[in-house]
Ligand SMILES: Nc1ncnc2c1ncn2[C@@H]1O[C@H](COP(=O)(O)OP(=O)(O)OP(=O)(O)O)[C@@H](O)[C@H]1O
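Heads up, the chain below is alone and in the form predicted alone; it's given as structure tokens.
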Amino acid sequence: MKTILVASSKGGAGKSTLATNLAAYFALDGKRTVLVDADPQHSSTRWAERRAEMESAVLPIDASSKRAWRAWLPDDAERVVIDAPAGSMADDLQHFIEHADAIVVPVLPSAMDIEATVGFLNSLSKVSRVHKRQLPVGLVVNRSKPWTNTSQQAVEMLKTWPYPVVAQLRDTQAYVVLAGLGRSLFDYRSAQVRDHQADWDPLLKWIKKA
């Protein structure tokens, strides 16, 4: 069972978008997938409920009680994606971090959002497994506009950090529309979404190695 923790101290960075699309990818790949929703907004749970009748359904688990979520995992779960509560630091996520195989941190490409993420990453660096490089942490630039100077400068800044930039996801309203349908980019094969799907390839390869 591989467990991916999606976490950020900055609200609105795209945590639930990452978590739901990852969960859909795993489910469509034939893996029995669980989406652990620890965010008070429960956006991930509502998304999972909307795709409950699909062959690639994802089981949502309410993790409002941080200590109890492990007891609710099915024995046959193959992939677990955790949508962490926004605004949390590493100490708040201890019960998730200790079971994670990788941590994915979404960051918006602006100086303000990058600065807001520094404190969270500093708190992660104090986690023993992270410090010893036994627990990989990857940054995902979300809502990127790679043709703009702002996004380009943000990526260059992030590349100087000790954690790798494992993907850049371009800005598109498709994520908002698909979330409302309980769908993901990976549910479609059209040319319109193909380029956006390709944005995920480096992240998926990184997770596979984790």
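Because the structure is predicted, anything quoted here is derived from the model rather than measured. Residue numbers run from 1 along the displayed sequence.
Form predicted in complex with this ligand: not shown, discussed below.
- Between this ligand and the residues 50, 170, 70, 31, the one pair within 4.5 Å by heavy atoms in the predicted complex involves 170.
- Partner contacts here mean any heavy atom within 4.5 Å of this ligand in the predicted complex, and among 148-156, 22-30, 54-62, 171-179 they occur only in 171-179.
- The candidate spot formed by 16, 41 and 86 is fully in contact with this ligand in the predicted complex: every one of the three has a heavy atom within 4.5 Å.
- For the chain shown alone, residue 183 is not a contact residue for this ligand in the predicted complex, no non-hydrogen atom being within 4.5 angstroms.
- Within this chain, residue 11 lines the site of this ligand in the predicted complex, having a heavy atom no more than 4.5 Å away.
- For the partner-free chain shown, 142, 143 of 117-154 come within 4.5 angstroms of this ligand in the predicted complex, judged by any non-hydrogen atom.
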